[in-house]
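Next comes just one chain, in structure tokens: the form predicted on its own.
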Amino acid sequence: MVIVGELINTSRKSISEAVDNKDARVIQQIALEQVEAGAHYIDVNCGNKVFNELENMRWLVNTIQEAVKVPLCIDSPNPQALEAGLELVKYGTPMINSITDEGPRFDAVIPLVQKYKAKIVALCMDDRGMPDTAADRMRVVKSLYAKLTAAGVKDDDIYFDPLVKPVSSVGTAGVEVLETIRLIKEQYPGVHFMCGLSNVSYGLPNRQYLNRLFVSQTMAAGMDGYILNPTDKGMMGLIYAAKTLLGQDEYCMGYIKAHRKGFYEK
């Protein structure tokens, strides 16, 4: 299971203000809290500051690495911003979020994957747009897998994002994702998964209940990576409990450790 902490994103007001004011203390505190809560990677996203994204990306990457020594997930729709962050990563193997099967996007990002030997989040989307069904997603998966492996990317470095849509707008969005995970596991057993699944509850009340149940469902289907808020004790406690019940927690040590850290306190 790989947890990518999602909190350093300038779409959040507190992060945006910290970046504007170059307040390293705020950024470093949030990075530390995410790592202490169980994040294996820290996502770095300043994509909404389009006019100075490269400068902000460089500042964020250097600032975070002064506080924590974990790999970073460089997250941007701008290939130049991706490289601005990647060239400064010091610790571990970086992750890129993300590549798609859209021609220009694939062609711009794949050289960065190769140059920095990065892990890659492969989003199930192509030039036809966002797929609705599992069959549509698998068409993209087949194409992306062929292109990525032909470019020398190892199965172990590929993280397919099955593209979670809100069930409030697409009633079958949840089951289509579960079926996609099942099919990918069946046809490409060496790859991994990654997604920001909170999209599933967008527009609905009591979102945390839907999000947590969907984590449990997707883990049972084979999901092994999430981009989420690791300081959400309810969510992280559920993940530790699910790993235990799925036989992924030797001697239940992860669950016991989570209990001792107060993940199940009311």
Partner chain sequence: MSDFKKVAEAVFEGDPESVQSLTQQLIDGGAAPMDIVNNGLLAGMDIVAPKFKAGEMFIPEVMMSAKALAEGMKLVKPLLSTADSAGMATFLMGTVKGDLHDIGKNLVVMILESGGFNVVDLGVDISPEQFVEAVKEHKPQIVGMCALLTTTMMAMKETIDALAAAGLRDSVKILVGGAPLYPEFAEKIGADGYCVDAVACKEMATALVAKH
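Note that the structure is predicted; figures quoted are calculated from it, not measured. Positions refer to the first chain, counted from 1.
The same protein has a further form, the form predicted together with its partner chain, not shown here; the description that follows concerns it.
A.B. asks: Ser168: heavy atom within 4.5 Å of its partner chain in the predicted complex?
C.D. replies: Contact with its partner chain, yes.
A.B. asks: Might Asp156 be said to contact its partner chain in the predicted complex, defining contact as any heavy atom within 4.5 Å?
C.D. replies: Asp156 lies outside the contact set for its partner chain.
A.B. asks: Heavy atoms within 4.5 Å of its partner chain in the predicted complex: does Ala220 have any?
C.D. replies: So Ala220 does not count as contacting its partner chain.
A.B. asks: According to a 4.5 angstroms non-hydrogen atom cut-off, is Gly129 in contact with its partner chain in the predicted complex?
C.D. replies: The answer is yes: Gly129 has a heavy atom within 4.5 Å of its partner chain.
A.B. asks: Looking at heavy atoms inside 4.5 Å, which stretch does its partner chain contact in the predicted complex, given the options 183 to 191, 137 to 145, 109 to 117, 77 to 85?
C.D. replies: Looking at the other structure, the answer is 77 to 85.
A.B. asks: Considering Arg212, Lys233, His40, Lys49, which brings a non-hydrogen atom within 4.5 Å of its partner chain in the predicted complex?
C.D. replies: It is Lys49 that has a heavy atom within 4.5 Å of the partner.
A.B. asks: Does anything in 182 to 221 come within 4.5 Å of its partner chain in the predicted complex by heavy atoms, and if so which residues, in order?
C.D. replies: Contacts from 182 to 221: Tyr202, Gly203, Leu204, Pro205.
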